[in-house]
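Just one chain is shown here, as structure tokens, and it is the form predicted on its own.
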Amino acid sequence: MNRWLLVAAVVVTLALPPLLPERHLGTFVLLGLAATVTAGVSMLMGYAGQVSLGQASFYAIGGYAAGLLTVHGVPTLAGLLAAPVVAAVAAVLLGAPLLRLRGHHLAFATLAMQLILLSLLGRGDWAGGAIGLQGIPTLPVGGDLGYAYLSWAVLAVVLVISRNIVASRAGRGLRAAATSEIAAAAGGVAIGRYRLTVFALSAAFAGLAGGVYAFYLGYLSPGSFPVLLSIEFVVMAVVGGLGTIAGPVVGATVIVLLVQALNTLGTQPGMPGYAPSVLSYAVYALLLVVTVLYLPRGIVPAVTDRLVKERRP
């Protein structure tokens, strides 16, 4: 059953982009990139038991790394490959002290990390300052249609990596640590090293997505990575289902399409100028409340449990 669902998902993903109007291809690209970042958030929260409210920081680091390198003459492919590496290195340097914190202390620390980064980008002439980094070249992928396939190919690679890690010895150790750190440590699990590795890996996912994002838009500014974006990634992970492979895709699809619909509604004639942002905040709040009350484990685990119950005699 799962294999047939996977085949159907692949077929739909490959067949859909040519059928979409040009104005919707951008949404398809951004959806794939959002799901890629959310896959890292889901792994970090679902398996390592750590809450990050600053994942958009690594999205920005990957984007700016790719953009700055290519603006200064580095080939675009090399810039794209460097994006996840730079983001992962930044995560190791920042995560070594930050991951000593737990719970809401870690969440606030990662939030502060993003605020500091946005301030540095906004004041740094080397990054374009508040005006932004301009003149980023595009990847030779054939326009918006090529970027649509590229963003979802990146997502597919990230999901395969996530699945292999979850099924590995390290993945079992992370699940044990998320349940009970004392028991996991007594069983020989190197909790600190595993968590730092997952933190770096989730940052690499975000950095890779940020690299594609930079080449797709050709322009970056601090305003492209607001704090709300990090919260959006967390909401996507929670709604889809933490610690699941399909959860990030489902959560990102629900949030992106719903927010897109509400933005369209908010820009209708007669609506106030603040309507799109207010509606977006309302969606995040409402979805979190509904998910916590009725689907505490997320959409994917709820659907999976329902299918298992129906197959039982």
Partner chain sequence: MSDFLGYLLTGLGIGAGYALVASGLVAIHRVTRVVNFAQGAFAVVAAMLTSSLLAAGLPHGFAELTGVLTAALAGLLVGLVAIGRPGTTPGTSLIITLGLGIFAYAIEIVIWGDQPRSFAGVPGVAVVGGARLQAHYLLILAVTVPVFLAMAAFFARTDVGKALSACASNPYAALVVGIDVRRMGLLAFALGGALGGLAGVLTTPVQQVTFDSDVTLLVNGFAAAILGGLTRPVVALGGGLLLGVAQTLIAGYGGSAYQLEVALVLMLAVMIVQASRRGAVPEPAR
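Positions refer to the first chain, counted from 1. On a predicted model such as this, the values are computed, not experimentally measured, just so you know.
Just so it is clear, the following notes concern the form predicted in complex with the partner chain, a form of the same protein that is not shown.
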Quiz item: Would residue 286 show up as a contact with the partner chain in the predicted bound form if we use heavy atoms at 4.5 Å?
Solution: yes
Quiz item: Within a 4.5 Å heavy atom cut-off, is residue 11 in contact with the partner chain in the predicted bound form?
Solution: no
Quiz item: So, in the predicted bound form, is residue 282 in contact with the partner chain at a 4.5 angstroms heavy atom limit?
Solution: yes
Quiz item: Is there a heavy atom of residue 293 no more than 4.5 Å from a heavy atom of the partner chain in the predicted bound form?
Solution: yes
Practice problem: Report the stretch among 75-83, 130-138, 216-224, 113-121 that approaches the partner chain in the predicted bound form to within 4.5 Å, counting heavy atoms only. | Solution: 113-121
Quiz item: Pick from 250, 256, 69, 45: which has a non-hydrogen atom within 4.5 Å of the partner chain in the predicted bound form?
Solution: 45
Quiz item: Taking the partner chain in the predicted bound form as the reference, which of 109, 153, 92, 145 has a non-hydrogen atom within 4.5 Å?
Solution: 109
Exercise. Decide yes or no: are 53, 103 and 278 jointly within 4.5 Å of the partner chain in the predicted bound form, with each residue judged by its heavy atoms?
Key: yes
